[in-house]
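Here's a solo chain for you in structure tokens, the form predicted on its own.
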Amino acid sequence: MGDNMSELLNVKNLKTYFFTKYGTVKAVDGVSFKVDKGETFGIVGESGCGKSITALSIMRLVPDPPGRIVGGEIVLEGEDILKISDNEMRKVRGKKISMILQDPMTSLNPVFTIGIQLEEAIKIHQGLKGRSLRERAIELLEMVQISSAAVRYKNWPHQLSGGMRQRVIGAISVSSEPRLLIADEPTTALDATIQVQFLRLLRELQEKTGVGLVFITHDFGIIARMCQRAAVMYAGRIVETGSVRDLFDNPSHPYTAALMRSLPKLEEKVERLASIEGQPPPLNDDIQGCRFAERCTVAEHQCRLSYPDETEISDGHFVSCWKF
């Protein structure tokens, strides 16, 4: 892993719990990973595994109550942002870290034009006014490849297609030149061709601005296309981290291997795709052992007793499994 000079984000043992009348839900329970400057790091896992809560924790936007970050560190450019005040965090949010959410329609305010919403972000973080503010907004729309940007600038969100709206969100999120951009399933609401265009656009924005990108998805195809390294998440914990090549060539945790087996392969004709039997455990249960043990085909007695430590099985490839 890169040295401290190139390190942008270091999440250490992050724990985000939800305190409900049905008990404590450990949505994120001891997650650690690092992201270097200009790197694209993926977090992949099935719905409900804690990916989005990890992202909201980094942004310090976990709904409280019932959610609360109860432990760990989130070190951004050498500063633990869990220790700063809410007021200071507002300056970090948008300026140093930005986020693109899943659904572009709910991210934009329907009663303001695109231009007003873009300008608001630029005004807060860059202090531009008047004509230069409008010019910067139009320039950003052009940067995310929106044609006739000066016309679109005056449009309302409902006048744009889903792909266009997602581009506007992209423009807002890079408007103050953040160091870190978190993309939380940004292509889920888009159809396949628009999805490819948007991913290409994100990559171009990254090349232009050098922003570090955390890409959250349940799609291994997107991980393969976008990321250099990735973490596989299951039931609130990261079970495997490595380069994308390591994960595809040598998936070592039984869960990662099972996910890989369930991917359709063009060259093979099969009657049925492989599936993983059972369901993820409820996160309000106090599970001592490995959370995948009940669904794992190679689980042993030890797996149910205590959670395995992270083991480095090759350079930069970490797995939490008793097999290692």
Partner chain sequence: MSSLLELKNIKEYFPVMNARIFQKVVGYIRAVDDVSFSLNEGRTFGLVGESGCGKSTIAKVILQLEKPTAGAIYFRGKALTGFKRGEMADYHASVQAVFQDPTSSLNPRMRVADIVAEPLVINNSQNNSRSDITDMVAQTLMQVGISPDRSKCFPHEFSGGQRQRIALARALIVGPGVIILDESVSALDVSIQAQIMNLLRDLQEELNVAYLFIAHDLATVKYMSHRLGVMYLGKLLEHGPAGKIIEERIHPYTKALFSAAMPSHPDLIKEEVVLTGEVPSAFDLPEGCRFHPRCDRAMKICSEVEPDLKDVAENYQVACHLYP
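Residue numbers count along the first chain shown, from 1. In this text, the rigid core denotes the largest set of C-alpha atoms whose superposition between the two forms falls within 1.5 Å. Being a predicted model, the structure only gives us computed values, none of them experimental.
There is also a form predicted in complex with its partner chain; it is not shown, and the following applies to it.
The candidate site formed by 134, 148 and 179 is entirely out of contact with its partner chain in the predicted complex, as no residue has a non-hydrogen atom within 4.5 angstroms of it. Only one listed stretch (191-199, 135-143, 205-213, 74-82) carries heavy atoms within 4.5 Å of its partner chain in the predicted complex, and that stretch is 191-199. At least one heavy atom of residue 275 is located within 4.5 Å of its partner chain in the predicted complex. Heavy atoms of residue 298 never reach within 4.5 Å of its partner chain in the predicted complex, leaving it off the interface. At a distance threshold of 4.5 angstroms between non-hydrogen atoms, residue 253 is out of contact with its partner chain in the predicted complex. Mapping the unseen interface onto this chain, residue 259 counts among the residues with a heavy atom inside 4.5 Å of its partner chain in the predicted complex. Residues are counted as partner-facing when one of their heavy atoms sits within 4.5 Å of its partner chain in the predicted complex; in 262-298 these are 262, 263, 264, 265, 266, 267, 268, 269, 270, 271, 272, 273, 274, 275, 276, 277, 278, 279, 295, in sequence order. Once both forms are overlaid on the rigid core, the distance between the two CA positions of residue 261 between this form and the one not shown is under 2 angstroms. Residue displacement note: residue 298 has its CA displaced by under 2 Å between this form and the one not shown (rigid core superposed). Residue displacement note: residue 286 has its CA displaced by under 2 Å between this form and the one not shown (rigid core superposed).
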